[in-house]
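Single chain ahead, written as structure tokens, the form predicted alone.
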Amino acid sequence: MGRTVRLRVTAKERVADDVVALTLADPTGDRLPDWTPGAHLDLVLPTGLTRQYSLCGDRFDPSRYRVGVLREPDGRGGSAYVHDELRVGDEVGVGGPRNHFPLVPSQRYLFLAGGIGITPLLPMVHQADLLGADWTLVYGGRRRGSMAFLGELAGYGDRVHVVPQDEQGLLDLPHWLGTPRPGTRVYCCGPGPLLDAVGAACASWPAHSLRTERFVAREQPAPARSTPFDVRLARSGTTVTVAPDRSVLEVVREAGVDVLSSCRQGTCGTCGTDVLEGLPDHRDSILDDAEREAGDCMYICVSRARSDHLVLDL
């Protein structure tokens, strides 16, 4: 997955039912790389598992990172290890930070969070408040006890609307989104059904009004083609053939190209590669419609080709 550094767990705090916050710092006290709201880290656990977690601490504190980790009962073991085994003083590998969910300038923001989806929105709220923007956060969850960081958010007063499902039901998206509002940016993170519903509700909004981040890959239709295609690696001049049952990532790695990768699901953005020629079949959960239309970048762990060949900047 590329170069990582070793960081030490300096604090582990329960911040809600089944949610812990980890604080990470360099063991030697070195300054950590800067990051921007929406960024995430790759956490490489001692078990060898790699998981992505959004940064949710103070971006102006260069001495530490903070991430929130939800225990996933049906997960593959990463969150269970963090909750049950990882201790203060342990060291973990960390890659990044990377940001595929950046906060763009706007006078008005509507932030919509579902459950652990609050984590990337916390630093966005802080940034919007610092800049004096007009903003509102609507935060839904199963119940108050399961909703992390409520204490921190209380300081923002009536700009924050906490909506526990067992008290108020599901988020009333027609109420919060209403009619399209030019000049308002909508940022949403949470479970897939929430993201799908918000996407449908914002279909008539101006282009680029909505940005979302998914922790789990969205369902994809069948690939655009079921036949092999060729990929030319522009830097080496090598051409490889990608069979229907192989990924572009697997094939170019076998050709000797060390491409960074992590999630293998098209959600983390690690394997982003520039497309120099050809038409990609985008199968990731990162790019928006305009970026897909541009066709100049693809995530080769999941995306494929529409054309007979691609030329990649590898």
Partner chain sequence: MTTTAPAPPPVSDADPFGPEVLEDPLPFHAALREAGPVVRLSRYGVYAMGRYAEVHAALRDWQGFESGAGVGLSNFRTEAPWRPPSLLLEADPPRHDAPRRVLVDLLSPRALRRLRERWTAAAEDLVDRLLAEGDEFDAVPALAEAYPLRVFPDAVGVSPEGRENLLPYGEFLFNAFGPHNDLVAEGAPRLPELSAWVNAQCQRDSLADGGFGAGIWAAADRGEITHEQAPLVVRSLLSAGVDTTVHGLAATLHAFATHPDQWRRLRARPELVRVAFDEAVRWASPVQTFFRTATTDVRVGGTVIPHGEKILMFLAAANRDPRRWDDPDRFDLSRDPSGHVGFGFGIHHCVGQHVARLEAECLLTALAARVEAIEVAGATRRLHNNTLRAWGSLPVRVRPAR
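The shown structure was predicted, so the numbers you read here are calculated from the model rather than taken from an experiment. Note that the rigid core is defined as the largest set of C-alphas that superpose within 1.5 Å between two forms. Positions refer to the first chain, counted from 1.
As for the form predicted in complex with its partner chain, it is not shown, yet the points below apply to it.
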Its partner chain contact at D18 in the predicted bound form, heavy atom, 4.5 Å: no
Non-hydrogen atom contact D274 with its partner chain in the predicted bound form at 4.5 angstroms: yes
Contact flag, H208 vs its partner chain in the predicted bound form, heavy atom cut 4.5 Å: yes
D30, heavy atom within 4.5 angstroms of its partner chain in the predicted bound form: yes
Interface residue in the predicted bound form among V104, A203, L170, A154, criterion: non-hydrogen atom within 4.5 angstroms of its partner chain: V104
Every residue of P37, D258 and L287 near its partner chain in the predicted bound form, heavy atom within 4.5 Å: yes
Partner-proximal stretch of 208-216, 161-169, 195-203, 222-230 relative to its partner chain in the predicted bound form, 4.5 angstroms, heavy atom: 208-216
Interface residues of 267-298 toward its partner chain, as seen in the predicted bound form [heavy atoms, 4.5 Å]: C268, G269, T270, D274, L287, E291, D296, C297
Did L287 shift 2 Å or more between the shown form and the other one, C-alpha, core superposed: yes
After fitting the core, V257 CA displacement of 2 Å or more between the shown form and the other one: yes
Threshold 2 Å Cα movement between the shown form and the other one for D296, core superposed: yes
Sense of the change in Cα distance from D288 to L112 in the predicted bound form - at least 3 Å versus the shown form: farther
Cα separation of D196 and D296 in the predicted bound form versus here, shift of 3 Å or more: farther
